[in-house]
Ligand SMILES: Cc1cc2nc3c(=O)[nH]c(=O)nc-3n(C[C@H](O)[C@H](O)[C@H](O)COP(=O)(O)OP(=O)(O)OC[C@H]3O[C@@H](n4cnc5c(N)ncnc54)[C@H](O)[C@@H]3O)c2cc1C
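In the form predicted alone, a lone chain appears below as structure tokens.
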Amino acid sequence: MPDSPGEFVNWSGSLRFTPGEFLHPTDEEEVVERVRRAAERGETVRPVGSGHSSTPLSATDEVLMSLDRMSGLVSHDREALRGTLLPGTGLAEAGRLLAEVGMGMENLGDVDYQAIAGAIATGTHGTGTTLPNLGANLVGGRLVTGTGEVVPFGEDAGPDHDRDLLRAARVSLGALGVMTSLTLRLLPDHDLHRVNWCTHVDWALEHFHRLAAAHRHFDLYWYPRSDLAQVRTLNMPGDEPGDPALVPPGRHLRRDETASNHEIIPNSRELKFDEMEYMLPLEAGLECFRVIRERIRERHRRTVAWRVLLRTIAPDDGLISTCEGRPTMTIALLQNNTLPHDEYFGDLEPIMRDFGGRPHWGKKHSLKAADLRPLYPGWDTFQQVRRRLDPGGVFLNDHLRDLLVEEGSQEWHHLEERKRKRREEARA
């Protein structure tokens, strides 16, 4: 999505870079050919989807590979509730295609602008205490490794597949290879009844855990300048809880409608923003939010009008999934993309870290490999899978190196040497 010749701009406009090459392969063979050439030349290749991420996961001055021309539903099995999609398929398009064959995804995120491969690679999630992030429903697929080999994984590799590879692929940051197909566990196509209403944030916090347990989907926005909260619930029609204690007195109803899941879950975000989000242990989430709330009221209320979003996510088994092994509550800080956000995010990030938070991989944060490693029990296993699939570091740009490779390690020195040689070649 170049906005000027050669330039790539992400969704919020906070990331701009010019790759040396901007490729749009149309099939797996083209991906293989170009990755092999990059490996021979010592180049970096970064796959990119819709560019919704706020972090420089895709940034490179070498080879940027958009998968936008690899889109569509490859195959489906309604009896097994499986569907295989190409990596550049947008989430909105995926919803329509799956509905046409009588199926749907278990959950979706706040928006559906992302491509399916990018959404899964960065740990995109929706909300619901029984609903994991999108990647937990990845059961198979195919990817092109850093040596140009095509590797099927999960169910696509057969019953004796590499379990660690599947767990690594469920949140991979594009560090294992270029996904060329993704097989998902699905549900029958279904409607959801959505209700949005406003109340005071104190009431919403007092009833937070009961609301989260009672509804299939539940989240809330806190508006810092008014102390109002907008609560959103979604349920299968007829499955709504009937507890009158979960309806606040004098609530202001804002939306009440029923539609297909892929149409009713995502929101439309016409105003663009930058975001920082941390995933916290569910039992610590509300205490953390109360500290965050007080800090915003003390220091940031006059400069930040954007809402703070609270959601829940079920645990999963992705090796570097932000919800690996624990029920999760998320706190997301939003700021208009035309306004400064560094001071705001920087002031509140240490609070969320103190409560055991893990940063969303696709949103603003300051952590590096040495900070991240202790947060993930599966960290070392993920690194073993990554190095096996990409021994030359073809998919490691500067940002991924900072995230995944500890400074001073043997791999870090190897990557530094490769960068030095590439700079010398460019000058020559």
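None of the values given here were measured: they were computed from a predicted structure. Numbering starts at 1 and runs along the sequence shown.
Keep in mind that the form predicted in complex with this ligand is missing from the display, and what follows is about it.
Residue contact check for Lys368: none of its heavy atoms lie within 4.5 Å of this ligand in the predicted bound form. A residue is said to contact a partner when one of its heavy atoms sits within 4.5 Å of a partner heavy atom; Glu155 fails this definition for this ligand in the predicted bound form, lying far away.
In the predicted bound form, His190 stays away from this ligand, with no heavy atom inside 4.5 Å. Mapping the unseen interface onto this chain, Phe22 falls outside it, with no heavy atom inside 4.5 Å of this ligand in the predicted bound form. Shown alone, this chain has one stretch from 22-30, 40-48, 370-378, 385-393 that lies within 4.5 Å of this ligand in the predicted bound form by heavy atoms: 40-48. A heavy atom within 4.5 Å of this ligand in the predicted bound form is found for one listed residue only; from Gly146, Gly318, Pro132, Gly118, this is Gly118. Only one of His200, Arg301, Arg96, Arg269 comes within 4.5 Å of this ligand in the predicted bound form through a heavy atom, and that residue is Arg269. Along 54-77, residues Leu57, Ser58, Leu67 each place a heavy atom within 4.5 Å of this ligand in the predicted bound form.
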